[in-house]
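Listed next as structure tokens is one chain, alone, in the form predicted on its own.
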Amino acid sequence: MDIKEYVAYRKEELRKEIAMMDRPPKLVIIKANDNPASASYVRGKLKDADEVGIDAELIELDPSISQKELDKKIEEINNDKDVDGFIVQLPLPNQIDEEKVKLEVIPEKDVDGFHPCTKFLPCTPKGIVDYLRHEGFDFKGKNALIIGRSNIVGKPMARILLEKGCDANVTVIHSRTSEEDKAFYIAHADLIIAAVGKIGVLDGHYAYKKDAVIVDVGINRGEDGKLHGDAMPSLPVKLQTPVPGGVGLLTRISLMENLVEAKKRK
């Protein structure tokens, strides 16, 4: 099943589950930026919510909002018993402390999975693991290579792959890793997660295992005006996720799944 087919299947399963609930789960999205890519992500989340029967509300705040004003809005939603989960869409304006905001969303409603005490897996790593499991990928004892150490993808991805249930051998490389070591780790990897945000991080001059899987998290706009991943297309591996139409869809469906779980826990 390709990712689009898998997501369509999961949406149908969620739609049936939500239809049996006493009321639709309620999602709130706070957006406080004028970032075009962010606006596109939000439109996608609202579309997904509508398709599965989730009650979604978008709160758009002025990008000049102060930290105090945003804190007050987050507290208000934390205390709203009708809201099952909510997210603060990234990126945030420069005057806002992003790490502080992640701590302010209470764990019970943190469907993005960013809070240290969150009740939910972060959406992108969760989506990747769920999809690969569905496709029959066995993580146990496999060499998993993560390129990038961001707090949103790289670090939580490493943690999830190390935990029981996955039990992979995990290596994280980054901008300070030598080219020689990078080539070595790529050549020995069964699973490669590319999450740097730079076109061509993986290309044809590296050696790959023929049965390797490449999950391309990066999304970059090239000089041609088109969207590109971190990996060049059609590399000689067993499976390579596309960009666009790949990990972004998995992230969004995971958000919907986390929200449904939040509603059920209440």
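Remember, it's a predicted structure, so these values are computed and weren't measured experimentally. When you see a residue number, it is the position in the sequence shown, counting from 1.
The following text describes the form predicted together with a small molecule, which does not appear among the structures shown.
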- prompt: According to a 4.5 angstroms non-hydrogen atom cut-off, is His174 in contact with the small molecule in the predicted bound form?
  reply: yes
field: 4.5 angstroms heavy atom contact with the small molecule in the predicted bound form for Gln95
entry: no
- prompt: Within a 4.5 Å heavy atom cut-off, is Ile152 in contact with the small molecule in the predicted bound form?
  reply: yes
- prompt: Is Ile219 close to the small molecule in the predicted bound form, meaning a heavy atom pair under 4.5 Å apart or at it?
  reply: yes
message: Let me test this: is every residue among Thr124, Val196 and Gly248 within 4.5 Å of the small molecule in the predicted bound form, going by heavy atom positions?
response: yes
field: The single option of Ile147, Val88, Ala189, Val129 touching the small molecule in the predicted bound form, heavy atom within 4.5 Å
entry: Ile147
Candidate stretches 219-227, 24-32, 233-241, 51-59, one within 4.5 Å of the small molecule in the predicted bound form by heavy atom: 219-227
